[in-house]
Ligand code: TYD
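One chain comes next, on its own, written out as structure tokens in the form predicted on its own.
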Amino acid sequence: MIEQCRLIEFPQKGDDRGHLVIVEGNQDIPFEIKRVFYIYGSDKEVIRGKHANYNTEFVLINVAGTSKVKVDDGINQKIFRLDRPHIGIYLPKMVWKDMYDFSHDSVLLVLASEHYDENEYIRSYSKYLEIVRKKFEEETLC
């Protein structure tokens, strides 16, 4: 799954008045956008996320400032640095995510493929590993 996590560069328009970045669901990102939220005011030491989702895909964009995102599929880990407002990271479902190292001016915009449902969140890393390993074993046996 980790290989599905990837940076996306969004189209930029601009002139002497400034820049415009366009992000459209099912075009610039691989899903219909059903929920939008953003994180700001987090200290450099704060770790946000710390969960995986059964069904939700995400695109994360630092529209201001910077942050890092560590993704984990139970086997491999990868760290992305979000530091330009026209670059996002696509995160498929069932990937553990930690967002951290927020700059003081960071605004992390999150686009989600599903409406919020607490029941589809996996908030325990040990439970996540158990689920991923069980799924891997089932796929290996087939």
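The numbering used is simple: start at 1 and walk along the sequence shown. Keep in mind that what you see is a predicted model, and the values were worked out from it rather than measured.
Below: the form predicted together with this ligand, not depicted.
Q: If the cut-off is 4.5 angstroms on heavy atoms, which of these, Lys93, His86, Arg48, Lys68, is the one near this ligand in the predicted bound form?
A: Only one listed residue qualifies here, and that residue is Arg48.
Q: Does at least one non-hydrogen atom of Arg17 fall within 4.5 angstroms of this ligand in the predicted bound form?
A: Looking in the predicted bound form, residue contacts with this ligand do not include Arg17, since no heavy atom lies within 4.5 Å.
Q: Residue-level question: is Ile39 within 4.5 Å of this ligand in the predicted bound form, judged on heavy atoms?
A: Output for Ile39 is yes: heavy atoms within 4.5 Å of this ligand.
Q: Counting only non-hydrogen atoms and a 4.5 angstroms cut-off, does Met99 reach this ligand in the predicted bound form?
A: The answer is yes: Met99 has a heavy atom within 4.5 Å of this ligand.
Q: Please determine whether Arg123 contacts this ligand in the predicted bound form, using a 4.5 Å cut-off between heavy atoms.
A: The answer is yes: Arg123 has a heavy atom within 4.5 Å of this ligand.
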